[in-house]
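Single chain ahead, by itself, as structure tokens, in the form predicted alone.
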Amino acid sequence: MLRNALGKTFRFLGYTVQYGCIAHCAFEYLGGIVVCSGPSMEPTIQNSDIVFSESLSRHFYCIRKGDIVIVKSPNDPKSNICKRVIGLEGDKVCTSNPSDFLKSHSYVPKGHVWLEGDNLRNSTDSRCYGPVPYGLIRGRICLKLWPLNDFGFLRASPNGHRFLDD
């Protein structure tokens, strides 16, 4: 009887470890559900919207200008931020705020991306902390799940003029 109980316990622990490994791989390499908070991505993503973030793009270096990404915060590694990719390595980007009279430009260094929120007046982004290392990208948001009346793929940036072609 003790042998039977131990056998069931070890079998249960084995299945738990197996399913835990599968779940870890699914969330790390395939993607997951994210609740976005804060006003920096309005009007594209509102506070408390629920989105699906896929992770394959970051592993295969398929992040493009215009993509919305989940990134480890450069200021606080314990938190994630949601921003739009404005520039990739080698791209010329506008580093000034929209209200600045004189516009300043810079080039994104190798291995980095330039991130900005869609709500430029209420976003802490690369204009504050500079280019973000590509390795901090956790995933690319591809679908809004909630609210249901806004379900679907995300719309283009309201700040398309910020994308420079130089």
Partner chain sequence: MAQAQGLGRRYIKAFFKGFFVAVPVTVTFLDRVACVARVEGASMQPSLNPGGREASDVVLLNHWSIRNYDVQRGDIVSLVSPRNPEQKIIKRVIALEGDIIKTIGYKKKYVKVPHGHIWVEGDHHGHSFDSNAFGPVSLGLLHARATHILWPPQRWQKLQPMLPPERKPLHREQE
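Numbering follows the first chain given and starts at 1. C-alpha atoms forming the largest set that superposes within 1.5 Å between two forms make up the rigid core. Keep in mind that this is a model prediction, so the values were computed, not measured.
There is another form of this protein, the form predicted in complex with the partner chain, and it is not shown here; the text below is about that form.
In the predicted complex, the partner chain lies farther than 4.5 Å from every heavy atom of residue 38. Contact between residue 140 and the partner chain in the predicted complex is not found at the 4.5 Å heavy atom cutoff. Taking non-hydrogen atoms only, residue 18 approaches the partner chain to within 4.5 angstroms in the predicted complex. Among residues of the shown chain, residue 111 is one whose heavy atoms approach the partner chain to within 4.5 Å in the predicted complex.
Partner contact region in the predicted complex: 66 to 74, out of 30 to 38, 66 to 74, 114 to 122, 46 to 54, criterion any non-hydrogen atom within 4.5 Å of the partner chain.
Of the residues in 130 to 144, those that come within 4.5 Å of the partner chain in the predicted complex through at least one heavy atom are, in sequence order, 133, 134, 135, 136.
A movement of the C-alpha atom of residue 13 reaching 2 angstroms or beyond is seen between the shown form and the other one when the two forms are aligned on their rigid core.
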